[in-house]
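Before any questions on binding or motion, here is one chain by itself as structure tokens, the form predicted alone.
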């Protein structure tokens, strides 16, 4: 007699990997300008440590295409003497790399504890209603993608929104997001509404 519950054994599901293999996609080659930028970055590392530039290389792929393609990962692997799977491991681990096409403005709402306690869920709901899309979706015009994020490190200024991995908006209230969306739609450079935001210049 056993006190353990009877567990159904399904051979078809046993140790089945849920990993999604990246689509082959079109071939990828860096533009001369981006390849020159990567070559300059590589001079900062010893020749036998050039794999350390993998994050920078993936950022350049995303900058060129808008997201990290399978072709881009293979191209980076060839330059850095890595296996394509090693590059894919990095690209799929970090949330700042997009694995599929996204909108012109990627709006990410922090949902970790401090932001959640300060109303991030209501901010996300209001954004979803304003944009007409759910979290994880891109609008039909390709202008906005709405995502949730796991901590932007500004717990004392919660809730926080980040746009395009570059602009940071703090102390966001649901009634503020309409202006953010309108200003981004109008391509205004600084649609900050909290009076406190981070803007990273390239």
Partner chain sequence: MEPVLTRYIREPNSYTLAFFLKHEGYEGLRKALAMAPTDVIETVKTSGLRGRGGAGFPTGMKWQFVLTDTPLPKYICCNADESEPGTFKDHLLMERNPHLMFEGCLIGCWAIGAKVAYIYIRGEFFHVQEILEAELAKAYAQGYVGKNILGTGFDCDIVIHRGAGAYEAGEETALIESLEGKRAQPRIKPPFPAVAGLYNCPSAVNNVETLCNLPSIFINGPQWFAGLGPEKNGGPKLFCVSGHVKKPGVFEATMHTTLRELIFEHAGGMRDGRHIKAVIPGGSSVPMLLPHELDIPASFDAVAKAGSMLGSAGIIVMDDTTCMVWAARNLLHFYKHESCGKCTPCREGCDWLYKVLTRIEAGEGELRDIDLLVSVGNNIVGKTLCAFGDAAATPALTTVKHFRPEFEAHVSEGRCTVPADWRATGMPVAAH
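These figures come from a predicted structure and were not determined experimentally. Residue numbers count along the first chain shown, from 1.
Keep in mind the form predicted in complex with the partner chain is missing from the figure; the text below concerns it.
The partner chain is not drawn, but in the predicted complex it has a heavy atom within 4.5 Å of residue 149.
Contact annotation: residue 131 falls outside 4.5 Å of the partner chain in the predicted complex, judged by heavy atom distances. Within 4.5 Å of any heavy atom of the partner chain in the predicted complex lies no heavy atom of residue 65. In the predicted complex, at least one heavy atom of residue 153 sits within 4.5 Å of a heavy atom of the partner chain. In the predicted complex, the partner chain lies within 4.5 angstroms of at least one heavy atom of each of the following residues of 41-55: 44, 45, 46, 49, 51, 52, 54, 55, in sequence order.
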